[in-house]
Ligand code: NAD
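Before any questions on how it binds or moves, here is one chain, the form predicted alone, in structure tokens.
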């Protein structure tokens, strides 16, 4: 299926590893011009080189700390300077630290608020006006299955990723008349560094190995396995496509059947 994305420009945040990188690869395979950002220059260079080798297109990259407003402003500025437009915005970020309420201080909350929710608000606020002028755009937020079924010990993620969902739904109604869609992807347990780190953290708390933790996660999923980043990325590419032009304000859960609600 031709997704109609050739020549579109996509900016993917936190895209040097994991799901963000997989999204960049998927969109590059569809013929998009790719811009990626993250906090770590070396990881960005490595990711850009891999994408260039696989898809014969050279991604543009820039360092951006999602907790810093000036970094976000600069990222949007340099990507617009490089490509002249941003058609597709994929808001992705690493997960905030795990913990129960008693484990977290106000600094933890402030940092997670900036990283998870306000980065989405800031990038969207800077890019949406130009999308409105062109009367076309796609905004896709990578959240978590926790927006549908909260996960124990992830107080920050459960709270603030749900805020992203509320923001996205409200924005989708505001910009729909300009052919701009706003949707969310809610991945379940997916094989990334973040999941590994969570397993290590749980292992320390529970006293069992992280391998056992990962095995238990798999057993809790009807498909009896963890997700792969490329499976999340394929859904992002579809939501960015011309074929998905009538889908907006939705949250697509990709979890192998983990969520038990209707």
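No experiment lies behind these values; they were computed from the predicted model shown. Positions refer to the first chain, counted from 1.
The same protein has a further form, the form predicted in complex with the named molecule, not shown here; the description that follows concerns it.
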- Query: Contact between residue 138 and the named molecule in the predicted bound form at 4.5 Å, heavy atoms?
  - Reply: no
- Tell me, yes or no, whether residue 193 is in contact with the named molecule in the predicted bound form, where a contact means a heavy atom of each within 4.5 Å. yes
- Message: Given that the named molecule is not shown alongside this chain, does residue 230 nevertheless sit within 4.5 Å of it in the predicted bound form, heavy atom to heavy atom?
- Response: no
- Task: Report whether the minimum heavy atom distance between residue 143 and the named molecule in the predicted bound form is within 4.5 Å.
- Result: yes
- Query: With the partner removed from view, which of 129-137, 73-81, 170-178, 87-95 is the stretch that lies within 4.5 Å of the named molecule in the predicted bound form, judged by heavy atom distances?
  - Reply: 87-95
- Report the residue, out of 32, 51, 66, 199, that has at least one non-hydrogen atom within 4.5 angstroms of the named molecule in the predicted bound form. 66
- Going by heavy atoms, what in 166-189 lies within 4.5 angstroms of the named molecule in the predicted bound form? 187, 188, 189
